[in-house]
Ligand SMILES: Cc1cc2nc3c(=O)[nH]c(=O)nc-3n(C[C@H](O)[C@H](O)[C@H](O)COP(=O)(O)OP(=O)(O)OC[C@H]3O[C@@H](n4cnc5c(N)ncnc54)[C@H](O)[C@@H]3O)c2cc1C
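Quick heads-up: it's one chain on its own, the form predicted on its own, in structure tokens.
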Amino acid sequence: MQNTFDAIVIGSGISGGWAAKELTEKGLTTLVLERGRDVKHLVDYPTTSLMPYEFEHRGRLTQEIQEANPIASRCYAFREDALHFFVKDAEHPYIQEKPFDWIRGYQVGGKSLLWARQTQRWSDFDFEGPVRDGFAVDWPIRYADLAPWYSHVERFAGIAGNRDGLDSLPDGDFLPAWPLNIVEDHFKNTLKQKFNTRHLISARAAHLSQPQPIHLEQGRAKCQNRVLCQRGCPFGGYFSSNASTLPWAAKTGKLTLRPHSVVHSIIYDEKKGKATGVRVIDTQTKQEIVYNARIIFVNAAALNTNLILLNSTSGRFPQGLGNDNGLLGKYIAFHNYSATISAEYEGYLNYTTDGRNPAGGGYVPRFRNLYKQETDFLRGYAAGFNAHRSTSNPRPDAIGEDWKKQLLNPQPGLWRVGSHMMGETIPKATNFIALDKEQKDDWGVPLLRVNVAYDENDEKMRRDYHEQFTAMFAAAGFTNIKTHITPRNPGLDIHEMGGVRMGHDPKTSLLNKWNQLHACSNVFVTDGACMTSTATQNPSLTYMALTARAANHAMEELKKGNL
């Protein structure tokens, strides 16, 4: 195997796949390094077509697996049908200085096989947030910088959604949306009539509702509404690196994919003033191998990207690559999913639903502190919303034939509605990760110490979400309204971000407006680690757009001889 390439991409997940696609399309020989095993589309989805009765434990986890994996078991998708795509707790330990659930997928495709597929653009309310509200640092880009790249990735990935005309949530290049059901529509109309600055829209999601020629060319087909996405989709109905970007990159003949490759560190040449390659540990042989390239994209997922950079020390960068200001690993943030609300609705009992909605129902874009500061907390929250018809169970006193009849002829009950909060957390220096000075993993890399927690702003935001949604639910005529605080640790949202933030000033940030390290311009970081703030939107679409934009810039700089 050759050791020198035009580009190296560390990580094959949602942003790494995009880096591979863009760089190979531009003619660059590109090595993609993945620390986990290979997972080939169509070949390596062992549970994708199994019926419920074919699972030994009917989809549930054994007590033994749960006890061995208390962290992974807290993730909603860690079940019998998908547990083979999750990192088990003992496989790559880390140190929790404060409770933090680090959910990972170490295989080709990474967590793109497991993500929730929710895709919303950011607006300037988000990019201008830090400078307006006085936290973190100013983003070095605005919506206009990223808008064409959002369109670029939306057209290729396939995003279903409506053009809703909201300034807080820009429209995109959409496929037809999945419709709301009648009670979701009822709530939408209630907001329109009684809360005119608040909106419920069909959730925008990376599912092919109406495949276009570019999707068929990828070998993907229409989403079948199976809602078994965490198993891997044999139709390519939702976007993943495995079904889309990696096979596309492979078709160029410029891609080399190397699984079982833990990146130990990035090699910096002080004479050249640039990175020259990466040091890799083969997970099967424990052999150390060096690969060289002109440019390096770091897309190992937020915390592992931080880890690699922190471990890439040299005489020039004793605190980690690009870390002149000592900020690498700091200002970690996430999304606050710790509140939900539920209720019932006694209307529309002559309606029910048929089939499944892969988008999950509705989405309420952020409405708090949008145009002005109106609460005692910073920023705001978005929310999911869905309604379904409950199904009656056999009466407790039913036995024998009576019980059997009731079981075989379930009757629809009341509508049940629910919402979950997606709150923006404020990046702070006190939320940080660092390398342990003594303990190392099986590949000789220091263990990660994680020190991330909620704060008072998150508590105030959670109370406001419960108050506002209680009022909106009551206005819609919902009854039996119950608020819930879910005891979830930071990290379980699987939206960890930051540590290598973008910014204008090398003194207060690590990356410039093109996602290049200020102090080492041929290294690009375009996964969650680059995020200066989190906004409330699901972040993956923004990672994809940032990656495509950065790859295009890298190619232009290579042509100019600047890298």
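Everything numeric in this text was worked out from a predicted model, so none of it was measured. Don't overthink the numbering: it's just position in the shown sequence, from 1.
Another form exists, predicted in complex with this ligand; not displayed. Remarks below refer to it.
S.K.: Using a 4.5 Å heavy atom cut-off, which residue among Leu28, Cys520, Ala535, Ile494 comes into contact with this ligand in the predicted bound form?
M.R.: Spelling it out, the residue with a heavy atom inside the cut-off is Ile494.
S.K.: Of the options Ala116, Met472, Ala383, Ala387, which one has a non-hydrogen atom that comes within 4.5 Å of this ligand in the predicted bound form?
M.R.: Looking at Ala116, Met472, Ala383, Ala387 one by one, just Ala116 meets the 4.5 Å heavy-atom criterion.
S.K.: Verify the contact flag for Leu246: yes if a non-hydrogen atom of it lies within 4.5 Å of a non-hydrogen atom of this ligand in the predicted bound form, no if not.
M.R.: Taking the distances in the predicted bound form, the answer for Leu246 is no, it never comes within 4.5 Å of this ligand.
S.K.: My question is simply whether Ala77 lines the interface with this ligand in the predicted bound form - judged by any non-hydrogen atom within 4.5 Å.
M.R.: Answer yes; at least one heavy atom of Ala77 falls within 4.5 Å of this ligand in the predicted bound form.
S.K.: Is it the case that Ile332, even though its partner is missing from this view, gets within 4.5 Å of this ligand in the predicted bound form, heavy atoms only?
M.R.: No, no contact at 4.5 Å.
S.K.: Hey, in the predicted bound form, is Thr24 touching this ligand, heavy atoms inside 4.5 Å?
M.R.: Thr24: no, not in contact with this ligand in the predicted bound form.
S.K.: Heavy atoms within 4.5 Å of this ligand in the predicted bound form: which of the stretches 343-351, 475-483, 260-268, 316-324 has them?
M.R.: Stretch with heavy atoms near the partner: 260-268.
S.K.: Do heavy atoms from each of Gly110, Ile308 and Tyr543 fall within 4.5 Å of this ligand in the predicted bound form?
M.R.: Looking in the predicted bound form, the three residues Gly110, Ile308 and Tyr543 all sit within 4.5 Å of this ligand (heavy atoms).
S.K.: So which residues in 9-29, when you check this ligand in the predicted bound form, have a heavy atom no farther than 4.5 Å from it?
M.R.: Residues within 4.5 Å: Ile10, Gly11, Ser12, Gly13, Ile14, Ser15, Gly16.
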